[in-house]
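Quick setup: one chain, the form predicted on its own, written in structure tokens, and binding and motion questions come after.
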Amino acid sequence: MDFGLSDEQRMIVETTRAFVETELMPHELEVERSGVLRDELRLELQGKAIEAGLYAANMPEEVGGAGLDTLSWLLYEKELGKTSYALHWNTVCRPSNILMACEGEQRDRYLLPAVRGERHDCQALTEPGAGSDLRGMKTSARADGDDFILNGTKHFISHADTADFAIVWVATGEEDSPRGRRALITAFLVDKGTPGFTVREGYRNVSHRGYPNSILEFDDCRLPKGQILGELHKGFEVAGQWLGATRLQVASTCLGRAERALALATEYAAQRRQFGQQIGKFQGVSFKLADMATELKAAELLTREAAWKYDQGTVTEADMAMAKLKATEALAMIADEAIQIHGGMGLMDELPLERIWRDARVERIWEGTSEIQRHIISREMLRPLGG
């Protein structure tokens, strides 16, 4: 594994960093204080992202994306992660890779317009009674002739407010398993405006202001079978093929915020003077900086190794779980210590640290909790021994 970056990768990092610092960061305070990313600002920044060549960089070249390898994509995600989700996710859009499962007419209706920035998707998995246990979902679809009738509720659905369609995961049957009967899952493409499909305002959230969650309700929502993404009952197979790197994406955006928090803490420790010297010379501060830097480096190495293995075709679920676990927990620790080094000023919204600290909390929950990541890691360790 080569730890150096290619010229192309350095260019990706520099271009993305410049866009974040010039176009996105100046709007952070407005979004944080208002809790809203104005539609006109969102559309303006989307246009600039497309012009800069940063839009849909996660998608393959054959459909109009940048076709980045996994490590290059994650370097790009790390730079975007230095600003708020409201700004980087809603303006520098990355359509879900699962849209690559679109076939026939679906490519022209969903995949290609999403890559061009003409339509936007959201993922609808989580339910009030089914978070980590997706097989326990209650939202269902029953066959009715050539159609399916969807009923149920999804919640905590990110950017559903601005999405044009949802990728909705529902139970479409049952099968036997060693642990008893379990749901068969199917993914459907559901357009906004479809009768029986309602998007409602979600919950007020301590993390990611301006990036709201929504509640999706399905009440006898009728869909033709042509809206199935992939195959009937094969939703988990579709997810496994296209969504595996999502945990690495979360890890990378966390690395970006952790790096920003550490840089602010280091600069402050060098400038702030108490008792006649820089506070960075006191062990109580210098040891914090050393621990923060070490945690960040460990998280980055785990993430880069997993990215490299992903492109080699050798990555395991445990590799990606380790990266997500370490990066999210390192961010929590670094954000907290950065505030401690700044003292009371660290909690004021004139600095981004209190936002980074608040936003860090959700990272250990969504896309698989830290406990789920530990379960995945230990399961992979025990399986060869019959566990």
Partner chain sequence: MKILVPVKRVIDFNVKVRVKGDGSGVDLANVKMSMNPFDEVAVEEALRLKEAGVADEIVVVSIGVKQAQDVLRTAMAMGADRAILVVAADDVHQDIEPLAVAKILAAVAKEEQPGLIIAGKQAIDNDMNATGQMLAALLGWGQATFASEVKIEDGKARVTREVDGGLQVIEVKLPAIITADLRLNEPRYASLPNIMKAKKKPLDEKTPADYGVDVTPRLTAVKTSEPPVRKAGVKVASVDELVTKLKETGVI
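Numbering follows the first chain given and starts at 1. Keep in mind it's a predicted model, so treat the numbers as computed, not measured.
FYI, the form predicted in complex with the partner chain isn't displayed, but the following is about it.
With the partner chain left out of view, the stretch that reaches within 4.5 Å of it through heavy atoms in the model of the complex is, among 314-322, 354-362, 45-53, 332-340, 45-53. For the options 36, 345, 66, 29, the one in contact with the partner chain in the model of the complex, meaning a heavy atom within 4.5 Å, is 66. Contact between residue 23 and the partner chain in the model of the complex is found at the 4.5 Å heavy atom cutoff. Heavy atoms of residue 374 never reach within 4.5 Å of the partner chain in the model of the complex, leaving it off the interface. In the model of the complex, at least one heavy atom of residue 15 sits within 4.5 Å of a heavy atom of the partner chain. Under a 4.5 angstroms non-hydrogen atom cutoff, the partner chain in the model of the complex lacks residue 379 among its neighbouring residues.
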